[in-house]
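Below you'll find only one chain, the form predicted alone, shown as structure tokens.
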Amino acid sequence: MHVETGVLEMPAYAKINITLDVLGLRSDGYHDVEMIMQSVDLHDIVRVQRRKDDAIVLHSDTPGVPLDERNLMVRAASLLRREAGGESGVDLTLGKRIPIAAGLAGGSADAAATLHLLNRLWSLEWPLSRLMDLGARLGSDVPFCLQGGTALASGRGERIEAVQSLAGLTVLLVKPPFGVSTPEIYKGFDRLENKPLRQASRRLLERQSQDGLFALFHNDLQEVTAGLYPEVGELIERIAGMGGRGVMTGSGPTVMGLFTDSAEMQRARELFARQYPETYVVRTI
């Protein structure tokens, strides 16, 4: 394994779900889904640097971030090194800005950036498709985070197909002061008697213009998360009262505020930021 010298770093971009359709429970315990996933400019910073020994060591500026094998960055580095047959150690540094356990794929984005950077640092020159296959072994969102942009994700989320770009949208993100368990939310979905059958992902792909785009944002898990965590539903209602549309991203609890009027969005951001420190205005990229 040949190794470059120096320090490499890159942004690790968060994602939002434009749509999230749950199609059913699979035999392996996961769920078949269809999602239109979108990168946004909210990001962490991931840095890698070669060590003289064979240790993989993670540093972070954020309390509460696990620094061992519980962290996807460490697991990504270990997996890539093992698959490449190398022995080099590496220092990983994470500058955390994406909220944790927020439905924004922060951990998956960090793992994806780690794979990209180590592919360069160790001069592997693996193609994106090979990194995405590896990423799918780490988590369902990692393949998308490796590719980024706008994509239709299917299977358990690991099958990625690039679609027409939705870059340039401005979205308000409001993260309540708690996280949610994705397995818990999917278990709650399985218990629903009347499961949604809207399949918003396909309808959005078939649209021919930007007209009515926000009306197609949809999340099948929203009812479950709002039922377990009423504050999510309250946020959605408050955004509607401010002239926007509120839709949860991922399994939550972050809620997106979609506004056609930029002044209304700015007023909403100012109001929410007083109560929720993790409030952001982001752009799709």
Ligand code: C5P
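Quick caveat: nothing in here was measured; it's all calculated off a predicted structure. Don't overthink the numbering: it's just position in the shown sequence, from 1.
Form predicted together with the ligand: not shown, discussed below.
- Contact with the ligand in the predicted bound form, judged as any non-hydrogen atom within 4.5 angstroms, is confined among 87-95, 120-128, 139-147, 169-177 to 139-147.
- This chain is displayed alone, yet in the predicted bound form one of Arg238, His31, Arg47, Arg245 has a heavy atom within 4.5 Å of the ligand; that residue is His31.
- The ligand in the predicted bound form is approached by Arg156, whose closest heavy atom lies within 4.5 angstroms of it.
- Proximity of Thr182 to the ligand in the predicted bound form: non-hydrogen atoms within 4.5 Å are present.
- Remark: Tyr186 counts among the residues lining the ligand in the predicted bound form, judged by a heavy atom distance of 4.5 Å or less.
- Contacts to the ligand in the predicted bound form (heavy atom within 4.5 Å) from stretch 232-248: none.
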